[in-house]
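Just the one chain here, the form predicted on its own, laid out as structure tokens.
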């Protein structure tokens, strides 16, 4: 069993916590924007951030998770901005929803009934990690449920669960002077029993021990669109450079491959850890719809403060 992580105990919804909520949502958008422009920061983000915002909106509007409401929130947002770079999976699910297929069954129609094991459920899951940061059981339930809307395969769902838990741990983690990335990994290893992800977390450990050479990380962890080939990679990027939001993001994007999503997930983790103030001002000021992202983070923080443990 993993030993207790130094920062794993719940903390009140303080002003500092509010800044970390903002850092997480802004960090997702900044990482997405940096990755989608391959290091030339444009500020323009993709469907990764768009769906993350939809999840946050639904959690706030319903005071917690409501699968039916989330499905139609995603659909409404997609119809307004279909040009955000959506892969074929979500629009197919949305079409099935319009035809009357229940929200928790539509994704099972993809890939011959096997479901998707892509990283789409993980890239958007950060708000779940924030709202349920003090209730790991409920965090797992909601992270899996929101995944099922588009990703029925167990690898896609478990990737989202691990990313949500990593966000919650980053939110609660101690400052860099006392942060131990190996303790962080132990918490995640104790949170999953899935053999694929346990094996990947073991590889993350080796990457930390060996210094994280980019070519080795890409070979051992991956940089693709599959959840198990990108969630551990984002985690590794954060843990290798936990002292600096900027260094973590530049490293993640420099790995190539699915850079917008790996950047978004790394940004969520590093933003939750450092808070809004840890994001370089030139990125923070230029990111698209910054005020809307900050307002959503505030709403999520207020919801958590009102509901207390578990988040509803």
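Positions refer to the first chain, counted from 1. All values reported here derive from a predicted model rather than from experimental measurement.
The same protein has a further form, the form predicted in complex with a small molecule, not shown here; the description that follows concerns it.
Using heavy atoms and a 4.5 Å cut-off, decide whether 237, 251 and 273 all contact the small molecule in the predicted complex. Checking in the predicted complex: none of 237, 251 and 273 is within 4.5 Å of the small molecule.
Of 196, 101, 225, 208, which one comes within 4.5 Å of the small molecule in the predicted complex, counting heavy atoms only? Here the answer is residue option 225.
Can you pick out, from 147, 233, 119, 168, the residue that has a heavy atom within 4.5 Å of the small molecule in the predicted complex? Checking each option against the small molecule in the predicted complex, the one that comes within 4.5 Å is 119.
Considering the small molecule in the predicted complex, find the one stretch among 52-60, 255-263, 280-288, 23-31 with heavy atoms no farther than 4.5 Å from it. That would be 255-263.
I'd like to check something about residue 72: if you look in the predicted complex, is any of its heavy atoms closer than or equal to 4.5 Å to a heavy atom of the small molecule? Because no heavy atom of residue 72 falls inside 4.5 Å of the small molecule in the predicted complex, the answer is no.
For residue 174, is any heavy atom within 4.5 Å of the small molecule in the predicted complex, or not? Although the small molecule is absent here, residue 174 would stay clear of it in the predicted complex, with no heavy atoms inside 4.5 Å.
Is residue 137 near the small molecule? Define near as a heavy atom within 4.5 Å, in the predicted complex. Taking the distances in the predicted complex, the answer for residue 137 is no, it never comes within 4.5 Å of the small molecule.
Give a yes/no on whether residue 80 approaches the small molecule to within 4.5 Å in the predicted complex, heavy atoms considered. No - in the predicted complex, heavy atoms of residue 80 and the small molecule never come within 4.5 Å of each other.
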